[in-house]
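There is one chain below, alone, in structure tokens, taken in the form predicted on its own.
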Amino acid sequence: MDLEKLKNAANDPIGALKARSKESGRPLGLAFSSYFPLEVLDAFDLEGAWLPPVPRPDYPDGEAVLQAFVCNCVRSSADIILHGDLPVGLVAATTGCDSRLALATVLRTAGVGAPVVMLRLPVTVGNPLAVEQGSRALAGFCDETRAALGRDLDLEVLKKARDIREKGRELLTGLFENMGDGGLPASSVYTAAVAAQVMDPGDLIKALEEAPRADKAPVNGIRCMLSGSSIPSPRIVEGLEAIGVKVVADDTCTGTRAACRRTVKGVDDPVRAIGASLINRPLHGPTMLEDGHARIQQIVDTAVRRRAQAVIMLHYKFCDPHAFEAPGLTEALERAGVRSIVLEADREPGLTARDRTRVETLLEAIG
């Protein structure tokens, strides 16, 4: 794995996006959620990318149009778009939490220079109706984008982009499945995952397929799983490793939840197949409603299977979906003999002194 190339993109995602657009001569198509299929933006002659949260002390452009209780992911996204420093050709918004749902209207009202188009996904998953709704939602997004950009979706480009991006997700899935046990340290795996959000998919695959170098050094420590929303920066994982955490499993938007999606087979229409894959993916976040406590049970089962001694929940301040599920998840983990802790992320790229102390206390209690 070409860790240096991946680090450059992960540590400076905005610079990576600028360089990518300049090299190709195409504007960026930016999405804010791992639910959005970037291959669709590729097929509209855009450089498709997920815009990762960028930890900063303040977000003046975002804070001018958003309420104080909006999470840092949405605040960061709005600030970057409104700052006007990126060559954006289209903003792809998605339904989900309340803040993401409102973001499209906020950006339009603030006068962002590029079209803002919403992908309206169903709220519930796990049934045939939801799959049909997902396919129709993506078809509707394509129709609105066609009208906004004045050009058609290129189906041949879509098929090629679908295949190459799926290969990238498969490679990332392999990294996460072997993380910490004979595979790469978690800090390297999360570096690759953040870089995947902004890199050209072909360049990403080349970087991931490079022979591993010195980044395969083993990490010793208490076996832990990371759960929550987006990872603010690989630096937070480096900080955890530095104090004795060995991350062996993941449940985050940055990690396995983004990488797990697979295109539905046996469907001739690529748009319908991709739309169905958004709903049929094996791992969902808490903004999607599933029968019973399916998501919580998946996290518990993964923690037990990977022999995790604790789950560290990384929650953004004001992120209601993750906050609401935390008590039930904590209780379910306790019944399975797995400890847990919630760390609140906001604007810092790494662990705060308070978080470091809380994690060290947890590790001492385990052993």
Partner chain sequence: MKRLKANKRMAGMIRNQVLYTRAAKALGRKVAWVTSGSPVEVLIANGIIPFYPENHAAVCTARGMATDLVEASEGMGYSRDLCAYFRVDLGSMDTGRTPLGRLVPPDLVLSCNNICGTVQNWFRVTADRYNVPHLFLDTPFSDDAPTETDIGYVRDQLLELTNQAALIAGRSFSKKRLLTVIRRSMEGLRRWDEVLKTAKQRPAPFTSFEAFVQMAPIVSMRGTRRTNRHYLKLLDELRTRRAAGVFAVDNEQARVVWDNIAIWPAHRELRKLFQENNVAMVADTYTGAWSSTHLEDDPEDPIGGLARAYTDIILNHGMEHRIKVISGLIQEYGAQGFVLHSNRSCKRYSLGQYLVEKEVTRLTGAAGIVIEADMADPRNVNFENLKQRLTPFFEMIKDSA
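Keep in mind that this is a model prediction, so the values were computed, not measured. Numbering follows the first chain given and starts at 1.
Keep in mind that the form predicted in complex with the partner chain is not shown, yet the notes after this line are about it.
Interface membership of P60, defined by any non-hydrogen atom within 4.5 Å of the partner chain in the predicted bound form, is ruled out.
Taking the partner from elsewhere, K159 is found to have every heavy atom lying beyond 4.5 Å of the partner chain in the predicted bound form. In the predicted bound form, the partner chain stays beyond 4.5 Å of every heavy atom belonging to E348. By the criterion of a heavy atom within 4.5 Å, V338 is excluded from the residues contacting the partner chain in the predicted bound form. Note on contacts: among H83, K167, R262, R136, the single residue with a heavy atom within 4.5 Å of the partner chain in the predicted bound form is R136. Note on contacts: among H293, R272, R146, K206, the single residue with a heavy atom within 4.5 Å of the partner chain in the predicted bound form is H293.
The stretch that touches the partner chain in the predicted bound form, counting heavy atoms within 4.5 Å, is 314 to 322, out of 314 to 322, 48 to 56, 299 to 307, 26 to 34. Shown without its partner, the chain has M118, R120, P122, V123, T124, L129, A130, Q133, R136 in segment 111 to 141 as residues with a non-hydrogen atom within 4.5 angstroms of the partner chain in the predicted bound form.
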